[in-house]
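Taking the form predicted alone, here's one chain by itself in structure tokens.
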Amino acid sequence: MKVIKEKHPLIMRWTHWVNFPVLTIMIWSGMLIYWANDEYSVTLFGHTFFRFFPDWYYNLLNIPHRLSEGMAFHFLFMWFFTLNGFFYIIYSIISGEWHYLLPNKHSFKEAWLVVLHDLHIRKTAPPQGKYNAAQRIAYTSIVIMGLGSVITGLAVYKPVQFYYLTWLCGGYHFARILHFALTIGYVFFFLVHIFQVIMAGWNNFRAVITGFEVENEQPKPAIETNNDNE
């Protein structure tokens, strides 16, 4: 028998879907800014093995000479990104949703089993509640990454006014490296997240939109009564 059960509250879904386009715009506008000083590469003994990013990449996406546009979009949508994340954290604490999201002492071991199951190497998935162990780690990590992006972003944006944040990040240059590394982390998270959504199937994706999930529930066996007279 199929039953409809509530899975994701409205506010959780709202902050999830708002964050996706906002973070996309932040990454895009960040690329417009990074073009002006694209100094990061993988260099060893004077030889550059990999560079972020080649000229053909910039030209393909029409990135060059749009620094001021990138800064305008980046600093505007920074507030939407920060407020949306702040609202999400406050609601998670007040509603108690954080109990389902924070990893526990078994999460890292079980997350490996989830990965093996998703890759069809392991037949059975470990037991889970509202979120599996891999999701708990991923969703908690993305919150920490968001906080890190705000701190490092402010340290780079206003290194004099927010000198204490710049000092906390190890200086301006290291804060910029951390900010860049976090952006790469978001892209990696997007790819893994989309892969897991596909693996989870339509029912799970529908729950993130509507808030409800359709589950198969076995009917309870009827209790037999003995009405025979002795």
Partner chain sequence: MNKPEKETTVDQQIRRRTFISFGLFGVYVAGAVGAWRWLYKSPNEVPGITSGAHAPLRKALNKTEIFFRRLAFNESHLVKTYPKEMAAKKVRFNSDIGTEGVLPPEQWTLQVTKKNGQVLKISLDQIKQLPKTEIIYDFKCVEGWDQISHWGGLKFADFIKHFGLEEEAKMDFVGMETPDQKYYVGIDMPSALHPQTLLAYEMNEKSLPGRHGQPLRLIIPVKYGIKNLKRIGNITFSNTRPHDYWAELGYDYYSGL
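Nothing here was measured: the structure is a model prediction, and the numbers come from that model. Numbering follows the first chain given and starts at 1.
Although it is not shown, the form predicted in complex with its partner chain is what the next lines describe.
Remark: all three candidate residues (67, 79 and 172) come within 4.5 Å of its partner chain in the predicted complex, counting heavy atoms only. Interface residue remark: residue 43 is not counted as part of the site for its partner chain in the predicted complex, having no heavy atom within 4.5 Å. In the predicted complex, residue 161 approaches its partner chain with a heavy atom inside 4.5 Å.
Residue contact with its partner chain in the predicted complex: residue 94 places no heavy atom within 4.5 Å of it.
Residue contact with its partner chain in the predicted complex: residue 192 places no heavy atom within 4.5 Å of it. From the list 193-201, 180-188, 25-33, 47-55, the contact stretch for its partner chain in the predicted complex under a 4.5 Å heavy atom rule is 25-33. Residue-level contacts in the predicted complex: of 102, 71, 147, 111, one residue has a heavy atom within 4.5 Å of its partner chain, and it is 71.
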